[in-house]
Every structure is written in C-alpha cells, then in structure tokens.
Ligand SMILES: C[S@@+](CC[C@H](N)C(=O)[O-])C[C@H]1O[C@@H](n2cnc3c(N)ncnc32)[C@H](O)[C@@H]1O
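Next up is one chain by itself, shown in structure tokens, the form predicted alone.
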Amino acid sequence: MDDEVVRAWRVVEQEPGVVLLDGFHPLKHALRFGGAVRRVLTGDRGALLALAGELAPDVVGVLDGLAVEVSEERLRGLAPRLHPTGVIALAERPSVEANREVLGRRPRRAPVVVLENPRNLGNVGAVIRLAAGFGATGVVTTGELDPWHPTVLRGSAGLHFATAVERVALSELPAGPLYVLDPEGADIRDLPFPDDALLAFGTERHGVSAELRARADQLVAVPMQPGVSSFNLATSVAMGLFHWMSGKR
C-alpha cells in the first residue's frame, strides 16, 4: 500500500506548479485560503485529525477526505526535514498570471511589499507571513531566490495562499508610488503611506541597489540608534506595514 501511495505522490510532485507543504500549519492555511491541495501524507492519521480539530476545525472535513497514513520511514524519504507535526502535502500554487493580475489590479486597497534580491529563505517566509497578517496585496521578490521554495513556505506557515506571492524582474514591478526604505530617506513618522504604495526593502547587508533607489518616488528611513547596523528584514517590513495600517484609523 505504501509503495502505491509513494508512487502516486512522485507523479504529482513532478507536475509544474506543484509545491511541497511541510507541516500542519502550511497545510492548514492552504486549505483555509482555497489552495488546491492534491496529496496529504501523515504518519498518524488519527493524531493529524485530532490536531486539526483542536487548531483548525474549519478544515477537518476536507482533511479527512485527503489524509493518507504511511510509515514515518516513507515520510522521511519524501521530506528529510520532516516537521514535528508529521504531515506533508502537495498543492498547486496559484499561477503566475493569476498572481500578477492581483498584484497589478488598480486601484489597490493595500500595499505591495517588494523584496529586492533577498538571500535568506526563512526571512522571506517571515515577510510573507507578515504581509498576510497585515492584509497586504502581496509580496514580490527580485533576484534568484524562489519565493515558493519549501523552506519559504514553511517559514510563512503556508500563508502564500492568503496573499499574492511572485518573483519578478525589477523592470516588472507593479504600478504605484514606490517608497524605498533607505537610511538616508525622510523619517517614516512624517510620511503616510498610500494604499497603493510599493514598499521596497533591500538586503540587511547592502540595502537597496542604486537602480531601485533612483526609481523611488520617496526614500523612507526608520529611526535607529547610532551604531546599530540594521534591523532584521522581517522587522523592517513589519514596521512599514504597521505604519501603513496605523494611518488608516
């Protein structure tokens, strides 16, 4: 039985646009926000349904129809860094076209977060989780990092499915006023962010590129004590989104 289940998993795994959800929380959010979940494997089906009943009763019915129990050995062969909740799933990510349609829709009611050439998978996941929590329109990244990498999905707790997440070239940013976080910018406390803003953040080490800085409609700085090198990327994004949200009261 396990062999058949694993073979079926491997077939779906190779399909374009299919991503790995590692752990209960990414699976929960994919189900809750309309993700097309194709396969769910667990080492203990009863424990998984009990966990869902405790933390996410709204997904129990769907999960009950999807979850298949296999040995932990087989699970670890499919996901070597198996999450402590002991469940993995395969889901279809929204298409590039669908995400770009959401990101490009005008007027926008919430900002788009722009991450220029991010390097740390966990940081990108944390930013996507923040964006979903604050109700941002989405997150776009530039550079080589895949924002739908399994580690990013794990870091976001699967909240990719609650907001639009896409990788674009710098020349393909959605339309809208571009607010770039930069130490030489104007104090963020003096600048309300419009709903259709692009809030752009560079790397912790190098900041934003000269090209992105030159394109900015406004450079914005977050106050910081002298001698402190930088804030963590996710912390900076949280401050930017909280500042936007505070201006809507």
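These numbers were taken from a predicted model, which means no experiment stands behind them. In case it trips you up, residue 1 is the first one in the sequence shown, and so on.
Unshown form predicted in complex with the named molecule; subsequent notes refer to it.
- Residue contact with the named molecule in the model of the complex: G202 places a heavy atom within 4.5 Å of it.
- In the model of the complex, none of the heavy atoms of L48 sits within 4.5 Å of a heavy atom of the named molecule.
- Contact check for P183: a heavy atom falls within 4.5 Å of the named molecule in the model of the complex.
- In the model of the complex, A67 stays away from the named molecule, with no heavy atom inside 4.5 Å.
- Just one listed stretch, out of 55-63, 189-197, 31-39, 205-213, contacts the named molecule in the model of the complex at the 4.5 Å heavy atom level, and that stretch is 205-213.
- Residues V220, A221, V222, M224, S230 are the ones in 212-230 with at least one heavy atom within 4.5 Å of the named molecule in the model of the complex, listed in sequence order.
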